[in-house]
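The chain below stands alone and is given in structure tokens; this is the form predicted on its own.
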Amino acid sequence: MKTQRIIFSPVTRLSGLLSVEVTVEKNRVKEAYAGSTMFRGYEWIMRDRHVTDAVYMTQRVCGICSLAHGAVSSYLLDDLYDNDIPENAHYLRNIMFAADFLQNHIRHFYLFSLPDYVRMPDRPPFHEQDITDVRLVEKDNRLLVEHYFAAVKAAQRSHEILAVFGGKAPHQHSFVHGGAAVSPTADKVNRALALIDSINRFIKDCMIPDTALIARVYNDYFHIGITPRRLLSFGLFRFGAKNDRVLWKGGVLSDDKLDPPEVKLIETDVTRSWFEDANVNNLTGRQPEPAPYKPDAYTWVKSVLYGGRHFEVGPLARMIINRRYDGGTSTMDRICARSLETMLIGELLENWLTKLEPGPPPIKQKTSPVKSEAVAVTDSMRGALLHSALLNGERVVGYEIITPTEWNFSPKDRQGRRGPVENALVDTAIPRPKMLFTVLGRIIRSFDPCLSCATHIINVKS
């Protein structure tokens, strides 16, 4: 029987830096290899820098979810410097974080995911749209196309909230260690309230009904792209003087058992990655050296394991662990959970704005670190995010970043076990040969993979 080898790229509709290779036999996916073709190198960039640069430098990992890296690096610095965070700073920080969630989730559903289900107008950038399974009646299709363009405005307004308090978006300058470096004045709060009212109306009047429509018409995708029910979250939206209270709890769900996450159980495996095999898995130690010609490797993404096993991260994991979504782990479950989370975060953001006290910047930065190493975690738009640092004085000796896309796009580990995206693809039936790319795209994009979070390049010398 002839075996087809297919490379699905670009995953993100932007470029081919993330791609998935699959083999197909008898109209069924037999094997999958999720990979990236660019070296990130932020761990090298951070070496010998002042550790407080982390908030600004690591946000450049990504232009879509940049604040997530600023947030977790601020938590890291709070721990290293033993900062006490005022309550008003937490409201301000979480408002900015939530605004970045909204722009990301709205853009994901409409700009990233919807063209896999909706016939778009035959004009740039949709010329010769590669879609073979369009089921919506004309009236519904037209409505969703209208909402696609309206979503651009809703996402822009979300970014505007972030810019009101963070100075600009992306790569804000206000969410820093010790609190927030902006005055939450009454005019800023009023402007943000007006913006979130408009965004929440879009979410409830358009995004939630549109998600329900897609879920009803394409309900077979509740049985496609299923992963093993192993889910992980670090929790989201921190409060408390030491960032010690988490509003949406973290957890590790496996075999129907839920446990709190333990950082010490996380390891990276480079068996199939373009890195030298080396025992350098501690989170603040030396990085493995790049090995771009390594036999049998197929990606720059490291395999991330918890307790020796792969785990899926993201909105679906958060919603299930916090008992806000009671569904499976399929393609459509990921889409539904993300839209539901968008609505909940929009409501939280509006509530926090009413609790924010106008006044001076709520920030208290201490000037000397009290420890030489730390690990900080949070959930971000795409799932569990970890930063860790090892210091000599205030200079960085070692820095590690483990992003959500690394969890989900993990390559096969030393035992040959597949990562979440690979698992979701293998054994998928392709109803007709012409549907191959449509089916693959719907499954892969439901994870909201981010090329920037997983990979990056730096030309050090030549």
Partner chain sequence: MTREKFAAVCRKLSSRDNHALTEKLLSAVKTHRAKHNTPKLSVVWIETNDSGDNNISFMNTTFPYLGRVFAEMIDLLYSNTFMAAQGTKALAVLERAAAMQYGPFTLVVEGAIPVKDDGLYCAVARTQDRYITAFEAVTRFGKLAEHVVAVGTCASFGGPSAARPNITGSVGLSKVLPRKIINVSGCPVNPDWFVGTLAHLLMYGRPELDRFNRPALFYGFTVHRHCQRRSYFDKKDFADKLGDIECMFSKGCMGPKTGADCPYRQWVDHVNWPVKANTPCIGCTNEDFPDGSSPFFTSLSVKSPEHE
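Because the structure is a prediction, the values reported are computed rather than measured. Numbering follows the first chain given and starts at 1.
Below, we refer to the form predicted together with the partner chain, which is not included among the displayed structures.
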item: Contact test, all of C336, D427 and S446, partner the partner chain in the predicted bound form, heavy atom 4.5 Å; value: no
item: Heavy atom of P115 within 4.5 Å of the partner chain in the predicted bound form; value: yes
item: Exercise: L80 in contact with the partner chain in the predicted bound form, heavy atom 4.5 Å; value: no
item: Interface membership of L17, the partner chain in the predicted bound form, 4.5 Å heavy atom rule; value: yes
item: Distance check, G167 to the partner chain in the predicted bound form, heavy atom within 4.5 Å; value: yes
item: Residue (of H127, H223, R324, R229) lying close to the partner chain in the predicted bound form, criterion heavy atoms within 4.5 Å; value: H127
item: One residue of H173, K371, R201, R142 in contact with the partner chain, assessed in the predicted bound form (non-hydrogen atom, 4.5 angstroms); value: H173
item: Options 255 to 263, 148 to 156, 82 to 90, 207 to 215; stretch whose heavy atom lies within 4.5 Å of the partner chain in the predicted bound form; value: 148 to 156
item: Residues within 4.5 Å of the partner chain in the predicted bound form, restricted to 44 to 78 and counted by heavy atom; value: W44, I45, R47, D48, R49, H50, T52, D53, Y56, M57, R60, V61, C62, G63, I64
